[in-house]
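There is one chain below, alone, in structure tokens, taken in the form predicted alone.
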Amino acid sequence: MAYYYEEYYNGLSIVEYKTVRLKKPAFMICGLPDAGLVGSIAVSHLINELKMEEIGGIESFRYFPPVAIVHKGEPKPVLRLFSNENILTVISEIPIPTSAIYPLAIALIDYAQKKGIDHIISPIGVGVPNRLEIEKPRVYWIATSKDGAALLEKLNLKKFEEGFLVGPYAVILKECKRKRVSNIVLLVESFLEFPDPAAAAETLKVLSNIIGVEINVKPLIEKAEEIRLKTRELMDHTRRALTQMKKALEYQLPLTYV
């Protein structure tokens, strides 16, 4: 497939197969492997439900393993970009290597700014020890802008007040705050080491209200076991990556606030 556009960011390349013009307000939704694969499952379901079009991808000879993703007989980037009217999604087929987290976060934020994105949305699973006892996982939020906070305050959700975030979404949050870019973080109670479609469904319900698009989560619940089986290997690789990143720190409170 010929590239329409390609740009390099410190060892990463973002390519587009066609021109991308998004309506306003524009949202970038990130589906990067993390606790419970919440973001990955949610964004994969969103892509299918909204019949989003694949428009590009992200590759790196420096940071990513030598992996070729083949879909319908065609090689694909390990991170793929999809769009639909005012939504741009990023989904990864591999856990993000620790060395790639900072350059990837910076590249995504820069790319979002160039595309006129109003809000970068990060759906995150936060592993809780008693997840089996929780029937309906709660969703919390963080926002780096007043506009983002205004969207979330209308939804009667609890703000995430104290704690650590670890991994790619943590760096996106910090860099967005530093660069004055709107980052909406949705944190849902989830399993840490097992794929959690139910937690992804709760995140999508909130996301639906933010982006103003109805998202049917019923298939996600009905196919939960199938999804767990399909994502088992990705979860296993992600679990090892999260261990290296000290994901367990998220159970701590910062010393400053004890």
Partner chain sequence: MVMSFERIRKRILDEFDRLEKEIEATFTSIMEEALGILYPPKPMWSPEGTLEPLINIKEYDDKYTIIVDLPYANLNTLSIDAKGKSITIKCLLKKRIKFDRWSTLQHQREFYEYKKTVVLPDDADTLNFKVVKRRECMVVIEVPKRV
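The structure presented is a predicted model; accordingly, all values stated were derived computationally and were not measured. Numbering follows the first chain given and starts at 1.
Absent from the display: the form predicted together with the partner chain. The rest refers to it.
- This chain is displayed without the partner chain, yet in the model of the complex the stretch 191 to 199 from 50 to 58, 206 to 214, 191 to 199, 24 to 32 comes within 4.5 Å of it by heavy atoms.
- By the criterion of a heavy atom within 4.5 Å, Glu135 is counted among the residues contacting the partner chain in the model of the complex.
- Residue contact check for Pro97: one or more of its heavy atoms lie within 4.5 Å of the partner chain in the model of the complex.
- Shown alone here, Ile69 lies farther than 4.5 Å from the partner chain in the model of the complex, counting heavy atoms only.
- Interface residue remark: Arg80 is not counted as part of the site for the partner chain in the model of the complex, having no heavy atom within 4.5 Å.
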